[in-house]
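Below, in structure tokens: the form predicted alone, a single chain.
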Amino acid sequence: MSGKEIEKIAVLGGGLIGAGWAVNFLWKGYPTAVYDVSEEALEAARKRVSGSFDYLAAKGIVSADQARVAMGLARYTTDIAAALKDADLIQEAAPERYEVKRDLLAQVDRFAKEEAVFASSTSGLLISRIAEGSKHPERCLGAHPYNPPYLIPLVEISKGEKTAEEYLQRAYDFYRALGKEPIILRKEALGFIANRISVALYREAVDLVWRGVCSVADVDKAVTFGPGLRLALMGPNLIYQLGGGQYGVKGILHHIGPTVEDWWADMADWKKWPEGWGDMAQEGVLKEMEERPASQGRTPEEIARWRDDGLITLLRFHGKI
């Protein structure tokens, strides 16, 4: 099966992720229905989609005409039956709660074509549990993007206990045709791959600040101007392969392996957030934002645009735009 078999798309949920998915689908020429529970939510989704296309046009990634044509492929509705009608792929982007996603899936079972792919944008829930009670669990899978979905190529595809291989392959082929970099988890895992790695790094970052080793701002600088620069170009295995010289990753493990084991013995392994960390982190990050160069943004909106500018530079280097 190929990605071309998917021609019409329904996005369930017009929030940050759902609207981002819609931009991606519309940009690539797919008619897309965006569903949400209220006209207010839909208006917010329209603004997100329009604003994203304005940004892409301003960066020269799409022309004004291309943006206009793409946005013309969108339908916004509070009628879930209308949104699901004739959809070949249903990209669910609802709040991260099993009961919410199951309720939506029940509507999909009722109104969608039986052969439609149901792809949940869950950040880490198990698709087997989301699909519990579904009439068609074979078509249900996870398809987790990274924000913003229309820029970052990664899609983590997870299969449930009853997901059929044909639907898994159809989704994989579709996301590849969309220009994404899909990866398939061989077994279910809470948090998938990228989020597990990300929060493992963050736990150590939290612990270093909590223990008084460094400030919130300094831990961010350490990641950004150290490993973060290399991680934007290659993964940890390739990084260690290069670091090991002629001996590769085995060489670096031999060289610093025993030392790293000493580090591990001293690193965080707690399973609950430190009491009061939320207030401590918020105070630290607000101070960090105030001290940023004005050209790099000091408000969340300004920093997000600066981030996206940087992502575009990296994506062009990777040949993704």
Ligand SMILES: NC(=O)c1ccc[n+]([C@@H]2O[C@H](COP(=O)([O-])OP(=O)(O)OC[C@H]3O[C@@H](n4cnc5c(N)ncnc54)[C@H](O)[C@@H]3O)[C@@H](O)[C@H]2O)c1
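Note that residue numbering follows the sequence shown and begins at 1. Small disclaimer: the values here were computed from a predicted structure and weren't measured.
Absent from the display: the form predicted together with this ligand. The rest refers to it.
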property: This ligand contact in the predicted complex: Ile312, any heavy atom under 4.5 Å; result: no
property: Partner proximity in the predicted complex: Gly15 to this ligand, non-hydrogen atom cutoff 4.5 Å; result: yes
property: Partner contact for Ala93 in the predicted complex: this ligand, 4.5 angstroms, heavy atom; result: yes
property: Contact of Leu105 with this ligand in the predicted complex (heavy atom, 4.5 Å); result: no
property: This ligand: the contacting residue among Ile61, Ala41, Met289, Ile252 in the predicted complex [heavy atom, 4.5 Å]; result: Ala41
property: In the predicted complex, the one of Arg170, Lys101, Lys159, Lys180 near this ligand [non-hydrogen atom within 4.5 angstroms]; result: Lys101
property: Candidate stretches 142-150, 227-235, 204-212, 182-190 - the one whose heavy atoms come within 4.5 Å of this ligand in the predicted complex; result: 142-150
property: Residues of 23-48 having any heavy atom within 4.5 Å of this ligand in the predicted complex, listed in sequence order; result: Tyr35, Asp36, Val37, Ala41
